[in-house]
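One chain comes next, on its own, written as structure tokens: the form predicted on its own.
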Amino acid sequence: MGVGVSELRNWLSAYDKTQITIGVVASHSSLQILHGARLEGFRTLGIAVGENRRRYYSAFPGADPDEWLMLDDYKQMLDYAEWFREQNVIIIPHGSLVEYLGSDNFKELQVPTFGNRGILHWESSRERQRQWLLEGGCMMPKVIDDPHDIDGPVIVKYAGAKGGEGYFIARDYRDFKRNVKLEEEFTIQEYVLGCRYYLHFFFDPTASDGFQVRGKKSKEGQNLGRLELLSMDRRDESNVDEFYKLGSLRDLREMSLEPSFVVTGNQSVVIRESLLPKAFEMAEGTVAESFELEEGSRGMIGPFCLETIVTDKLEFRVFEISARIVAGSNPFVGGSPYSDINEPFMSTGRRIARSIRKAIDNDDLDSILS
């Protein structure tokens, strides 16, 4: 069922807006979220399981939380909802939070949360993602419904934010059968050759300047808010990035080796400037469609990432969307070649905190929280 707007407003009416605390699970992109919150003048709360995780943050005083909540299991966050609200906490969601807590539990968490958590329902299913992105005008890799129809390279992906864990390449049904985990939800996509670029956008529904997203269908003709490109990355994946040095896929399998797509790090990247208009066109369509996903949808709020491939014909293929901050924004704690043009030292984490600060000043917090 989730959290309604009236319930959210009731919680916020009891908040001391001068004592807002930014709360985040200590994982994923929490260093930049905590650092950005501190730069914007907020108190911070780290949420963790295990003292080792807490100790590690002492190595980064600029992001070490002002306070910690130590749990035995992340699902205990549900039991601490009243305590969070008493401490004037706003939760910042990221991939680890959704994965640890579970998308259904996250939706029911009775604490004001940055962004539109209803959107994460669409992110959690590759089928719903595909519907959203295609309606938003994105070109996507072909999906194979029946694994018996595999007649060329495909990539098999599992649902959820697992950092590429378990993904594998198959060339035919035999390859698929050898590697698939049938008990998990999966999608089979054609393997598109090209460069993978992860585009980190931010949508501010309260801003009336800058690149304005135009509404469609039920909101046709309306300007919905400002779209910003904050940064861009590529992923280091173990061990697929090194496999080309060892021979063909067939040779590797004869050695009982399989490529793995587990993300181990991220690299800064910029794309050729002539591709930026198309990037904004895709992102604008995706945001505009987010208001049409279901009746009364509040649409996208805050950071999101279009995960793309650019082919040698300079065409984008969008293979996934992350409707919240992504770990690929971590190289840009001090800003990026894109965000620096507008304001130096603007990370995605700080941009979230800036959005909250602006909403407090305008007495408009319910417009960016859920």
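Heads up: residue numbers just count along the shown sequence, starting at 1. The structure presented is a predicted model; accordingly, all values stated were derived computationally and were not measured.
What comes next is about the form predicted together with a small molecule, which does not appear here.
Would the small molecule in the predicted bound form be within 4.5 angstroms of a non-hydrogen atom of every residue among 200, 206 and 226?
Zero of three within 4.5 Å in the predicted bound form.
So the small molecule isn't shown here. In the predicted bound form, which residue out of 280, 191, 173, 186 has a non-hydrogen atom within 4.5 Å of it?
Going through each option in turn, the one that passes is 191.
Of these, 40, 315, 340, 307, which has a heavy atom no more than 4.5 Å from the small molecule in the predicted bound form?
After the contact test, the surviving option is 307.
Have a look at 332 to 340, 32 to 40, 317 to 325, 50 to 58 and name the one stretch with heavy atoms inside 4.5 Å of the small molecule in the predicted bound form.
Among the candidates, contact is made by 317 to 325.
Within a 4.5 Å heavy atom cut-off, is residue 78 in contact with the small molecule in the predicted bound form?
No, no contact at 4.5 Å.
When the contact criterion is heavy atoms within 4.5 Å, does residue 214 count as touching the small molecule in the predicted bound form?
Contact with the small molecule, no.
With heavy atoms only and a cut-off of 4.5 Å, decide whether residue 100 touches the small molecule in the predicted bound form.
Answer no; every heavy atom of residue 100 is more than 4.5 Å from the small molecule in the predicted bound form.
Check whether residue 291 has any heavy atom within 4.5 Å of a heavy atom of the small molecule in the predicted bound form, and answer yes or no.
So residue 291 does not count as contacting the small molecule.
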